[in-house]
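The chain below stands alone, shown as structure tokens; this is the form predicted alone.
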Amino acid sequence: MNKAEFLKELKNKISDMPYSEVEKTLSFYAESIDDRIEDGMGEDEAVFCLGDIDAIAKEIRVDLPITTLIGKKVKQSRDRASNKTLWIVLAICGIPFWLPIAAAFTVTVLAVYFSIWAVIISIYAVVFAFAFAAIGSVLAGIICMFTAGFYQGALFIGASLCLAGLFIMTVRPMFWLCKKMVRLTGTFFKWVKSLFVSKEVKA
């Protein structure tokens, strides 16, 4: 498959998306192919390296705003209905049923999303608490040396060294873990959005 064939097929598969999104997507992939060709690849090889076109089309859809995806899902359902007037009447009459379900789904998704971020913030708080406690212990130790005696001050300074050691030991794993959890939120949100993407990609 050459560049023109790839872009034509991709445009066909995402033609039901907003026009601006289609144009931006085609421009991005055309530039990606051109960059690979400039790096020495053949045109067919450059297209092949982009991957499966159906997977690309699905990924593009998942990257759309969730409100757009929900709107498209509703529009598809309405367009497939044999009697659109009946569909509208049933949709309105069904509000007492589907609205609580939609609200519960939204609340559940937000609860999971914010729970992950709460864990990330808690990890940051615990690790940096070691650093602040170490600084506080040093200051307390210096004050105690002049007010309560050398040994009490030395005890506080020793505690500050232990806290500083804990901070140094945990700060790098904290960044690694938080990075993974941030990716997890992205993966989770993509999964939620993928629920609104049709399994059948337009041929």
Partner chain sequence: MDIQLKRGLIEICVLKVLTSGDSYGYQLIKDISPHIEISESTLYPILKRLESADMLSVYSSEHAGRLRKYYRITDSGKDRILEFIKEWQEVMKVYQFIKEEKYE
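Basically, rigid core = biggest C-alpha set you can superpose within 1.5 Å across the two forms. Note that the coordinates shown come from a computational prediction; the quantities given were computed from them, not determined experimentally. Numbering follows the first chain given and starts at 1.
Below, we refer to the form predicted together with its partner chain, which is not included among the displayed structures.
Chemist: Looking at M145, A159, I56, L166, which is the one with a non-hydrogen atom within 4.5 Å of its partner chain in the predicted bound form?
Modeler: Spelling it out, the residue with a heavy atom inside the cut-off is I56.
Chemist: All three of T187, W191 and S194 touching its partner chain in the predicted bound form at 4.5 Å, heavy atom to heavy atom?
Modeler: No residue of the spot touches its partner chain in the predicted bound form.
Chemist: Answer for E45 alone: is it within 4.5 Å of its partner chain in the predicted bound form, judged on heavy atom distances?
Modeler: E45: no, not in contact with its partner chain in the predicted bound form.
Chemist: Hey, in the predicted bound form, is V171 touching its partner chain, heavy atoms inside 4.5 Å?
Modeler: Taking the distances in the predicted bound form, the answer for V171 is no, it never comes within 4.5 Å of its partner chain.
Chemist: I'd like to know whether K180 contacts its partner chain in the predicted bound form, with contact meaning heavy atoms within 4.5 angstroms.
Modeler: No - in the predicted bound form, heavy atoms of K180 and its partner chain never come within 4.5 Å of each other.
Chemist: Indicate whether E9 is a 4.5 Å heavy atom neighbour of its partner chain in the predicted bound form.
Modeler: So E9 does not count as contacting its partner chain.
Chemist: Sequence order please: the residues of 1-30 with a heavy atom within 4.5 Å of its partner chain in the predicted bound form.
Modeler: The stretch 1-30, when checked against its partner chain in the predicted bound form, contributes E21, K24, T25, F28, Y29 at the 4.5 Å heavy-atom cut-off.
Chemist: Could you tell me whether the Cα atom of L50 shifts by at least 2 Å between the shown form and the other one after core superposition?
Modeler: L50 C-alpha, core-superposed: shift of 2 Å or more.
Chemist: Could you check whether the CA atom of V138 moves 2 Å or more between the shown form and the other one, using the rigid core for the fit?
Modeler: No; V138 is a residue whose C-alpha shifts by less than 2 Å between the shown form and the other one when the cores are overlaid.
Chemist: Using the rigid core as the reference frame, would you say S20 shifts its C-alpha by 2 Å or more between the shown form and the other one?
Modeler: Comparing forms between the shown form and the other one, the S20 CA shifts at least 2 Å.
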